[in-house]
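Okay, so here's just one chain, in structure tokens, the form predicted on its own.
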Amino acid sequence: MDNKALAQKLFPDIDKTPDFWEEKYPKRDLKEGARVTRFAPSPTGFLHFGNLFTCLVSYKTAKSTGGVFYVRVEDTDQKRKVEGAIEVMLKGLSVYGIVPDEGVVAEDKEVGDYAPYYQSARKEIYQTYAKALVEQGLAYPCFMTPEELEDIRAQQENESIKGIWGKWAKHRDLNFDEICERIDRGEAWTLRLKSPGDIEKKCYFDDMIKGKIEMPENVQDVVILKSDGIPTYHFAHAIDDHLMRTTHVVRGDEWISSAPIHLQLFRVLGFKPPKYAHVAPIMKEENGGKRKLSKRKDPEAAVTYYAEQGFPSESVNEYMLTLANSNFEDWRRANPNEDIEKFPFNLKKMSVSGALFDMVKLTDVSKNVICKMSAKKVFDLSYEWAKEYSAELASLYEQDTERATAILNIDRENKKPRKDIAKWSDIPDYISYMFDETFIPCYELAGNATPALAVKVLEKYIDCVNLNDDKDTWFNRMKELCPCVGCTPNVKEFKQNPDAFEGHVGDVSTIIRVALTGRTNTPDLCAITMLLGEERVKARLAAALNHYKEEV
């Protein structure tokens, strides 16, 4: 076989050699140990939580070593392309602080010396390497029709190794004249790798997460160029990862089964393979078992879910690192106020099996994150959220933004801030009693408080309420009220002799709290009283008093 003549017959328009591309895309000038990673989405439009998680791992792998993180768009399958999908994905990533150093940085913008970063624009590069493989006798044209391939699939139903190899590789040894005749007749062809694999041999690689993996060598003559000259994923990614000088490929562990093909392609192309880190899928508990997080069954599988619910990006990032590295929570406890970027991320600390998605854990993490935010930050972020997702909350804020910020600052910015808010969609209910439009009276009491006691307390308090009181003066007023209504200002005294009193200072406060907010548990009642204003406070106290009088 005259392989050079065959290569020229198959690729008459390719006049470059691999050396041209090697020179155009030289090795990166990076410090020792710096890692180059990538996110390589298809333009399908849906950013899955699992994609975001894997992308975060890839991003942290690069950034923690002073390396480079880039975005390459794998758009060779034009039939599945969704207009605007890449912009959606990039915006989705940027919300969580994942901004590429190079590559596709916007739908119509590429940055970096290794462009183009759209695979659809790299056809000449792939065909150059395909031509070189043909010249070396490592690839051949295959003329099998879809019907023939379907027939082979049927024959292989019970075979342990499927695909085109051995006796099924019918066109592997066609001679030059036969090939030329078929091409000249206009027969469609694909280009297949002439696999050097041995069915008796194994391939090995050290996975950065899962450790040493041993698998049978690839013996299939896989398609590397389709009939339209567009490469398959296997072939394109090997060339791109080499020429873009990728050092570490972080991807889902569903790709482990393809690793023998990929490692073989790197070898026949003469490339040093990157290190692989295969990330286990995010799992979810169901009926006592576990399953993969599903975009069909689980709303939280879509990254848009977190924006819609109002989870701050800081919370989602914090939660993802609890899933990603087993030592993150210990680090956070030791460094409660440290910037998350200072966490020493390590691929080797990742779980070999799938991390379990836990909405309760995400909620707890988010409460901890939000409670440390300033009132202004909570207002700014929740207002931005409300403008898109809650017109009612936005309208309440816009009545008086300073008052709204002050409401959010109750029991905040102190040593032990409350943890009532896990996401911005919690805020409308959380602050509803601060606005007449959303306040729903509820006069159910708790503890030792009774309607009869409530009547006594409210009759006294309505005349002495003073919105100029500071917190200590206000609480002393509560204590001074106690003897007037048969209660003790001392909780300990009540516990020692409960029959001597109708209640204690806590019960008095509860009655006032319920009257003003409709709740038995709220942040600081003194601050709430001042922000409600005298007119509103007296109106609510009067309404509650009338209610309890009717009960009594």
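When you see a residue number, it is the position in the sequence shown, counting from 1. Just so it is clear, the structure is predicted and the values come from calculations on it, not from any experiment.
One more form of this protein exists, namely the form predicted in complex with a small molecule; it is left out here, but the text below deals with it.
Among the residues S509, T488, S42, T65, the one placing a heavy atom within 4.5 Å of the small molecule in the predicted bound form is S42. Contact with the small molecule in the predicted bound form, defined as a heavy atom within 4.5 Å, holds for exactly one of H242, K284, R412, R251, namely R251. The three residues R38, Y233 and W255 all sit with a heavy atom within 4.5 Å of the small molecule in the predicted bound form. Partner contact region in the predicted bound form: 243-251, out of 388-396, 354-362, 160-168, 243-251, criterion any non-hydrogen atom within 4.5 Å of the small molecule. Residue contact with the small molecule in the predicted bound form: E384 places no heavy atom within 4.5 Å of it. The closest heavy atom approach of E181 to the small molecule in the predicted bound form falls outside 4.5 Å.
For E308, no non-hydrogen atom is located within 4.5 Å of the small molecule in the predicted bound form, even though that partner is not displayed. The small molecule is not drawn, but in the predicted bound form it has no heavy atom within 4.5 Å of D198.
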